[in-house]
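The chain that follows stands alone, in the form predicted on its own, written as structure tokens.
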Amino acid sequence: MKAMTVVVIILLTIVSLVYIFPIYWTLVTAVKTSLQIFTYPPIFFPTRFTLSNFYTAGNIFGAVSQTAVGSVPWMIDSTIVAIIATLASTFLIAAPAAYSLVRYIKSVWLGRLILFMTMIPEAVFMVPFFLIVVKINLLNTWWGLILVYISFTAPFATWLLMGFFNDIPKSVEEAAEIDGLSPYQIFYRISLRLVIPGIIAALILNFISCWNELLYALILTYSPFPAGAQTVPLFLTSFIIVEKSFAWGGLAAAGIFTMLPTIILGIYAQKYLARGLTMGAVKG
């Protein structure tokens, strides 16, 4: 038993290092000088540190990139779009839809179809979404991105919440019905409160998905806040100076700077996220 425990610990340590190393490398690259970044063999533990990558624009072959601290307009767009899309898709669409599928429709195949919708590549809908957004005059706006983001966050949240509503004992709702509550009151006052861990898990995962989305933001926006709605992933592409040349120091610094909101969110809501992902499971 002890030997097995040691093996498990070693394997977990190796797996953890594999996942942690890219974050570590990004962090040390952000504080390296240009000479250290391009030194071969690579320097894993830099002896000299600099913070200039955070506020000095990269300059390669005469082309200048953005600065890490200049990401504020893009972060404003990402935050507003992600929050609205996440709240709307989870509370207005996913929660009522998941409850209806579990309590009234009771269709296993429809639930599987919703799960299948989350697996379709984004590129499949690229042209239709572009034409729709242009037609309704929402190109380069928050609302254009929000409508598109809801299309893939709502199905995922619906599938996730189906498991939670399925785990609620029917006796609880039957007791509420005997007390005179209508179906709407049972949903909002009883059932929705019992699946709070799932709601929080859906909110966190959908927010991160919206924050990191690149393809739709690339084709539906062309300028940042306040004139447009370009998001953080598009800001990071500004560190591609010329073909196959990157401002690596600035890119690493910007990566650290722009992923802070999701890191803070993940740390703060870790217990809710873990509980939410382990409590619900779609049956059948």
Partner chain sequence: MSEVVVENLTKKFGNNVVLDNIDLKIDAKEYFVLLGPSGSGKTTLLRLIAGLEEITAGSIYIAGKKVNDMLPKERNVAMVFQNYALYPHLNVYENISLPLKVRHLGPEKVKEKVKTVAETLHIEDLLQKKPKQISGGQQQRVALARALVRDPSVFLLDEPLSNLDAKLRVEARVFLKKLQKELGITTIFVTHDQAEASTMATKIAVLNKGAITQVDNPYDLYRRPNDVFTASFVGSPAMNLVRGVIRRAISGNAWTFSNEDISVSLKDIKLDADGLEVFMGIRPEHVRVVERGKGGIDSTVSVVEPLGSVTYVTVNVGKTQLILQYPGEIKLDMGSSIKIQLDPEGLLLYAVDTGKRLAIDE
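Numbering follows the first chain given and starts at 1. Being a predicted model, the structure only gives us computed values, none of them experimental.
Keep in mind that the form predicted together with its partner chain is not shown, yet the notes after this line are about it.
Asks: So, in the predicted complex, is residue 106 in contact with its partner chain at a 4.5 angstroms heavy atom limit?
Replies: The answer is no: residue 106 has no heavy atom within 4.5 Å of its partner chain.
Asks: Are any of the heavy atoms in residue 137 no more than 4.5 Å from a heavy atom of its partner chain in the predicted complex?
Replies: Outside the cut-off, so no.
Asks: Would you classify residue 167 as touching its partner chain in the predicted complex, given a 4.5 Å non-hydrogen atom cut-off?
Replies: So residue 167 does not count as contacting its partner chain.
Asks: Looking at the partner-bound form in the predicted complex, is residue 151 within 4.5 Å of its partner chain by any heavy atom?
Replies: Answer no; every heavy atom of residue 151 is more than 4.5 Å from its partner chain in the predicted complex.
Asks: Please tell me which of 79, 185, 141, 100 lies within 4.5 Å of its partner chain in the predicted complex, judged by heavy atoms.
Replies: Exactly one residue meets the criterion: 185.
Asks: Heavy atom within 4.5 Å of its partner chain in the predicted complex: which of 178, 119, 131, 92?
Replies: By the 4.5 Å heavy-atom cutoff, the listed residue in contact is 178.
Asks: Pick from 109-117, 199-207, 159-167, 186-194: which stretch has non-hydrogen atoms within 4.5 Å of its partner chain in the predicted complex?
Replies: Answer to the contact question: 186-194.
Asks: Let me know which residues along 99-121 have a heavy atom within 4.5 Å of its partner chain in the predicted complex, or say none if there are none.
Replies: Residues within 4.5 Å: none in this stretch.
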